[in-house]
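The form predicted alone is given below as one chain in structure tokens.
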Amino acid sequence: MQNKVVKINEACQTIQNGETVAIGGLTIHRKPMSFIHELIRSGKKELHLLTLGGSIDVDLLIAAGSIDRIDAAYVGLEILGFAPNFRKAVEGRVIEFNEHTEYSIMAGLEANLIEAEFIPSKLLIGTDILKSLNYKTFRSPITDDLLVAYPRICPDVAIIHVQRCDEYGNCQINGINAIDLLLAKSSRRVIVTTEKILPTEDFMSVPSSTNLPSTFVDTVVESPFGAHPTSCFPHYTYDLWHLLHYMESSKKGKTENYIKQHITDLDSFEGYLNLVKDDVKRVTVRES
């Protein structure tokens, strides 16, 4: 098997402007934040973003001018409200936003996975979301019921943060895995950032724990605390105070200052972690 471990800047260089990038995790849980920082630092533009539930990851990319289209079911910081830069950009028509349900995203990915043109379903009939997505309807050849054709969704690359991985790309995702396994299996390329790279032998005692095998992973990046300020169970919880600081800054129109201080003025995500080391200590559940 091939060693797939690279530095984060090398992994980022494989992403081209204009590609469709799928972001794993769910809202403020297990987002690949170290890679989001690197995308912004590297100046990527015109990305088409796909996410089931986005939060600060999407909001930062919008504020940095990295995105021109987003497909999502939700973008917000849960109890803290909607993502402010996302809301402003959509209301101002600065970016194209395609509002999905969770199922419409999953169905599109599933269609791509099984190499089908579409997945049929009765869901969305009579809704405004169906109108805005402009999905086609048709009559079932079996029952004559009206059905929606959910077209295939094929991301160019998926970015997923995991708790453990070996050098070949065998991954173990704990807790909420959202649709990350489906994203990995239906995307053309998969980049994994991981809290730890462990020897393959450590995965052999309980093989079933490896829920994302190396078959679906192209690139591995070791990135401890790489989901901060979102959570990564069981190592650390989400950093509520840091997220509050971000929301307050954004609502005051100071997101650019936040990006400068926390991302673009720094050489790496390690620099960011050093900058917020007291925050990281506060949310750490146990040594990771």
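From a predicted model like this one, the values you see are computed outputs, not experimental measurements. The first residue of the sequence shown is number 1, and the count goes up from there.
Beyond the structure shown, there is the form predicted in complex with another copy of the chain, which is absent from this document and is the topic of what follows.
Trainee: Residue-level question: is residue 134 within 4.5 Å of another copy of the chain in the model of the complex, judged on heavy atoms?
Mentor: Residue 134: no contact with another copy of the chain in the model of the complex.
Trainee: I'd like to check something about residue 153: if you look in the model of the complex, is any of its heavy atoms closer than or equal to 4.5 Å to a heavy atom of another copy of the chain?
Mentor: Because no heavy atom of residue 153 falls inside 4.5 Å of another copy of the chain in the model of the complex, the answer is no.
Trainee: Taking any heavy atom pair closer than or equal to 4.5 Å as contact, tell me whether residue 122 reaches another copy of the chain in the model of the complex.
Mentor: Within the cut-off, so yes.
Trainee: Can any non-hydrogen atom of residue 198 be found within 4.5 angstroms of another copy of the chain in the model of the complex?
Mentor: Residue 198: no, not in contact with another copy of the chain in the model of the complex.
Trainee: Go through 203 to 219 residue by residue and record those having a heavy atom within 4.5 Å of another copy of the chain in the model of the complex; state none if no residue qualifies.
Mentor: Heavy-atom contacts to another copy of the chain in the model of the complex: 206, 208, 209.
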